[in-house]
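Form predicted alone, single chain, as structure tokens, below.
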């Protein structure tokens, strides 16, 4: 409560009052990161406040301390605006009479200068935060296309977008999200291309976030999406500036956050999650073929274990006699029912996959080889599982790896268990019923007003489903 009252206090003309106030707010001397430096500027006392490591010490010395000590830096009765204009060798300076605004600027990495006799503080931008250099993408690798990825710096990410979208219509609106520990987010869009209704809705949801701390875009996505309990994400997360720029050109909006190397794209459809980043850089024939391969992978990953279980338990008559005999002979020594066998292999595969993801990268490939070869072969030799089950689980895993979006891949894994149980209980009829329930659920979903299965339901010729049109036929999208 006392801290809140200190924050509401206006900037005082007495330098010592401001110094005592800042010491209470920043917990000095316990807090070693905050620096309060008293110095003389043109015969007047001044106080410099900044966070060590967030500001460039060389710039502070060169652009603030040295110019301010010049005899004619500013007059004796100069106000804060005159000091910012005449004394400091910085173009990015502003003044404020609110202590809350001064503290917020310091927390962002700026430095605040308080002049004795002035009821305003000068906020100078001398930021030099530690940040990761622009590097290659990690989770969205491409064969053909740009290799740059977003970083954790919001300013760097906005620069990467502006290097690609060189238009005066590109607008970036900044919001502080979080009631106690605010984080800076930028809403980026092309003015005139983005739907105003979508923009208004995104602004409203971001401003109404009631959470004490929102450290990244992943947190924000969960707070503003339409259906938080749905398995499928309603916003696209991408670490590629080129993909985000292409979405902006389509009239969608992007959300970038400080400390997050991903951009959120909205609104989207299910098919945005099925498209790979390098589809646009391939010829239409190649892109279409690869999309069909990925779609086949999703179908195999979702349906193969359930269909195998249903046929083995209820519909063996639809199999050729030779194939049925081969499967029966392979399972003759397996002590478990088909559903138990499938669950054992599915859970084992998920454990191997998760363990390979979490352990150090030097050990990951070795773990995959051990899990896939040694454990699988040992399980078959011990008659715990049948050889055909190894084939089914391997094809299922490969199909899941073909999904370009990580979140969609996890959703398909979860749905696979539901499909498997329905197939084990009701056979192929259960598989059909589960599919109908899934499609009905997807048809009822929306992403910021856009139907989730568009352009399939409702049909639209302005968006791509799976087949990629030649680029010459899509020139109208860039207008």
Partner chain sequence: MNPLSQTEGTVRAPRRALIVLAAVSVTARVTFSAAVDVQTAGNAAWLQALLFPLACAPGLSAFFYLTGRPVPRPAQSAVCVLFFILFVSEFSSWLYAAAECAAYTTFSDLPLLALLLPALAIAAYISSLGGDALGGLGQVTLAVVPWLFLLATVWQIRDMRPVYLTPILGGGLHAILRGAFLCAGAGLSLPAGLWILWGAGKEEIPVGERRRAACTSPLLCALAAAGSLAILGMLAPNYTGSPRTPTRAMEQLLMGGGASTSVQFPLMLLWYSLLLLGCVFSCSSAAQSLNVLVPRLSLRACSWLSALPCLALIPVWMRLGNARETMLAWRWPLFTGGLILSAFGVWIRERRNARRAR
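Because the structure is a prediction, the values reported are computed rather than measured. Numbering follows the first chain given and starts at 1.
What follows is about the form predicted in complex with the partner chain, which we do not show.
Not one of 249, 402 and 408 is positioned with any heavy atom within 4.5 Å of the partner chain in the model of the complex. The candidate stretches are 408-416, 22-30, 53-61, 440-448, and the one lying within 4.5 Å of the partner chain in the model of the complex by heavy atoms is 440-448. Of the residues 175, 314, 281, 336, just one reaches the partner chain in the model of the complex with a heavy atom at 4.5 Å or closer; this is 314. Shown without its partner, this chain lists 195, 201, 125, 94 as candidates; in the model of the complex, only 201 has a non-hydrogen atom within 4.5 angstroms of the partner chain. Using a 4.5 angstroms limit between non-hydrogen atoms, residue 228 touches the partner chain in the model of the complex.
At a distance threshold of 4.5 angstroms between non-hydrogen atoms, residue 167 is out of contact with the partner chain in the model of the complex. Proximity of residue 224 to the partner chain in the model of the complex: non-hydrogen atoms within 4.5 Å are present. With a 4.5 Å cutoff on heavy atoms, residue 307 counts as touching the partner chain in the model of the complex. Although the partner chain is not shown here, in the model of the complex the stretch 150-178 places no heavy atom of any residue within 4.5 Å of it.
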